Structure formats: C-alpha cells, structure tokens
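Quick setup: one chain, the form predicted on its own, written in structure tokens, and binding and motion questions come after.
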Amino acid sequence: MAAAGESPEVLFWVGCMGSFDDRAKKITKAFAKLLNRANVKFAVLGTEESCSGDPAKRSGNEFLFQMQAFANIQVLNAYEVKRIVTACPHCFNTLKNEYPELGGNYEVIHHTQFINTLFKEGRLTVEGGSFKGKRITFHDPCYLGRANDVYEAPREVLQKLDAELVEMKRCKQRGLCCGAGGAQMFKEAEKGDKEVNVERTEDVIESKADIVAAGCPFCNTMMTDGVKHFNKEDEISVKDIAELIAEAADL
C-alpha cells in the first residue's frame, strides 16, 4: 500500500495472541472480514510487528519492555502511523498509555470501539437474526474497562444483534478479572482454593447466558477454560465480539 503511494485509514495491530494462538487467529480473521466489508483500507506490519511489551512490563521486566517498545515505535514512526486499531486490550492499553512517554504518539482504538464507529457511520450493518432468542453476557476485560473506561462501545455493538444482553452481577467498574492479566497467563497458579477463571465462569452460569461475548483474546482463553471446567461447552459458547458480528453478517 505504501509502495503505491496510498496511506491506510488505520493500522491493524494484530498482537502476539492474534498472530500465533490458533483460537485468537479466528478473531483476527473475523475482524479483518469486518474491515473488508466496511471498505476500510487497513495495513498490518506483518513480520515487523513485535510484542507490545505488556507481559514483560506487567511481570516487572521494565528493561525488556522498553527494548520491545522502542523497536516498535521506530517501525511505527518510520511508517508515519497515526491511527492504530487492535483486538487486544493489553496492546491497546500499552500502545495508548505507555508508548507516548517513549516517543510513540498514536490514536489507539479498541476493535469494539472501531466496529461501533463503523455502525454509527453506516459503513457496517447486520440483521442479527442468527442470535434470535439467545442470551448474551459481556465480560469486561480489565484493560479495556477499569483501566480505560471503555464500557459502552462493546455493549452498543452487541445491541445490534437480535439477542438479549444480560449483565453478570459483577460488571463494568465492578467487573471481575478473567485471571490472565498482569502476565498471570504465563505462570503457574498460586496457592488457593479456586482459579480466578472458575470464579468468573460461576458468574456467567448465574446469568444464564448462552454466549459469553469477549473483547480480549486472553479473556477468551480463560473463559473457554472455565466453561470446560464445568462441562458446559454444549450450553455456553465463548466468542469475541468481532466473531459475533461477522457471524451475524454472514461473513
């Protein structure tokens, strides 16, 4: 695109999970399909994209974080990137709030916000019929909700589906972590009597939802494991918002 002298509307930051995790790759594909459907000109960095540095920073390795961040900022600034959209709240939070002090200043948007904007601009429409009669609950990702106060965009997107949106008792500002944040995803559990994702899945079961809508690949993994823990895979499905909208749009 750059070679043709065109500048993309937005850079899609795929993230490590979206690039390498088999489950999260499906989220990446679903979001890309939505961008194509809405005629959004977008670019990806491909092999030039490195980890945002979130896991390193959260686990206390500030030196590694700064190395990773500086490398990414050099690439982003070389391409004169202005707007970034990502399906990972960890990347979203890091690029938005921690890159500026290292010289990386961009408008960073979470994919649920971007999808919501596409709906509002009339660039994306769905009938939503495939979810008729279903109960959907949204699990607030920590780095989207409490860290960045993004609560309404994902819910406004879910309202486009012909389904009933139900809230868990712990939601929005009082939402409970899935258990993966802060680099917990990559370490063994500490002593205790219950895994965090099991506790969170109990909230899902109590809500009587048929579908858990996620807005984070880490949350997706943890909630899927929680549903499996209770042997509820046949009753409760875990899907990213981009996947739900893509499915409703027959993509």
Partner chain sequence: MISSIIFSVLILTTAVIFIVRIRQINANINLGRDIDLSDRPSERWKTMARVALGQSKMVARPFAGIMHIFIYVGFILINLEVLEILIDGVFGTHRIFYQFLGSDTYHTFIGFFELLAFLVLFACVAFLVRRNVGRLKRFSGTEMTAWPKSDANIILIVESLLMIAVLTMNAADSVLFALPDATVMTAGLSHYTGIEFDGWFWFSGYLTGMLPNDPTTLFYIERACWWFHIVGIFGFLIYIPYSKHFHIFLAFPNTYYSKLEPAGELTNLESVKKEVELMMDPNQDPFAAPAADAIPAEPQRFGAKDVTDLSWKNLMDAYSCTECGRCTSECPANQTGKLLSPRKIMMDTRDRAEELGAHKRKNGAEADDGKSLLGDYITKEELWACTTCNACTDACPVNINPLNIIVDLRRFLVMEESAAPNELNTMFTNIENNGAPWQFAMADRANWRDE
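Numbering follows the first chain given and starts at 1. Remember, predicted model here, so these are calculated numbers, not experimental data.
In what follows, reference is made to the form predicted together with its partner chain, a form of this protein that is not presented.
Although the partner is absent from this view, Glu206 stays clear of its partner chain in the model of the complex, with no non-hydrogen atom inside 4.5 angstroms. At a distance threshold of 4.5 angstroms between non-hydrogen atoms, Ser19 is in contact with its partner chain in the model of the complex.
Interface membership of Arg174, defined by any non-hydrogen atom within 4.5 Å of its partner chain in the model of the complex, is confirmed. At a distance threshold of 4.5 angstroms between non-hydrogen atoms, Glu101 is in contact with its partner chain in the model of the complex. Only one of 131 to 139, 165 to 173, 107 to 115, 80 to 88 places residue heavy atoms within 4.5 angstroms of its partner chain in the model of the complex, namely 165 to 173.
Looking at 13 to 44, the residues that come within 4.5 Å of its partner chain in the model of the complex, counting any heavy atom, are Val14, Gly15, Cys16, Met17, Gly18, Ser19, Phe20, Lys25, Thr28, Lys29, Ala32, Val44.
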